[in-house]
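Next comes just one chain, in structure tokens: the form predicted on its own.
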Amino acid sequence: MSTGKQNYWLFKSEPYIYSIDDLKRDGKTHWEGVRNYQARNFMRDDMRKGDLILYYHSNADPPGVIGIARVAKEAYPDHLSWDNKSNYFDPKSSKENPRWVMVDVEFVEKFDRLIPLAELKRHPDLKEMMVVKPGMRLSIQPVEEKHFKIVHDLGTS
């Protein structure tokens, strides 16, 4: 449950599917296709308009954080789960009982450089950040404010 304070997140996106440059060009988009219950619950229960997001390029060489986005609209039903022509179709989801949600995100800034995962792992003050932990594959992860600020500083210095 949200405490009313600002939350911070890390969103993973494959750059060949939707990069930070795509978000910059579009200005805003809906973040659809999340099909993990824990990530869905973060979006549905804890994400608030105005929360800041570390934009992470996954399945890239190297993977890493490339910029900042912001939650522009809180969770609402992911209509693609009802579209049987969509890659995100889920026959157990319906308009009457939606199983999945999405949020809208907007572009804030692109970093001067990508902060590679290897650099995040080496940073002594980021050891507890979820993304650096072995086996952490969630596409949406909460981030502590202190970790967000460190990563932001790395990307803009």
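All values derive from a computational prediction rather than experimental measurement. Numbering starts at 1 and runs along the sequence shown.
Not on display, but discussed next: the form predicted in complex with the DNA.
Visitor: Taking the partner as it appears in the predicted complex, which of 22 to 30, 59 to 67, 45 to 53, 107 to 115 has residues with heavy atoms within 4.5 Å of the DNA?
Guide: Result for this chain: 59 to 67.
Visitor: For the three residues Lys73, Pro98 and Val101, which mark the spot I'm curious about, does each lie within 4.5 Å of the DNA in the predicted complex through at least one heavy atom?
Guide: Negative, none of the three is within 4.5 Å.
Visitor: Does Phe89 reach the DNA in the predicted complex, with heavy atoms at most 4.5 Å apart?
Guide: No - in the predicted complex, heavy atoms of Phe89 and the DNA never come within 4.5 Å of each other.
Visitor: Does the DNA come within 4.5 Å of any heavy atom of Lys121 in the predicted complex?
Guide: Lys121 belongs to the contact set for the DNA.
Visitor: Might Asn41 be said to contact the DNA in the predicted complex, defining contact as any heavy atom within 4.5 Å?
Guide: Answer no; every heavy atom of Asn41 is more than 4.5 Å from the DNA in the predicted complex.
Visitor: Decide whether Ser94 counts as a contact residue for the DNA in the predicted complex under a heavy atom distance cut-off of 4.5 Å.
Guide: The answer is no: Ser94 has no heavy atom within 4.5 Å of the DNA.
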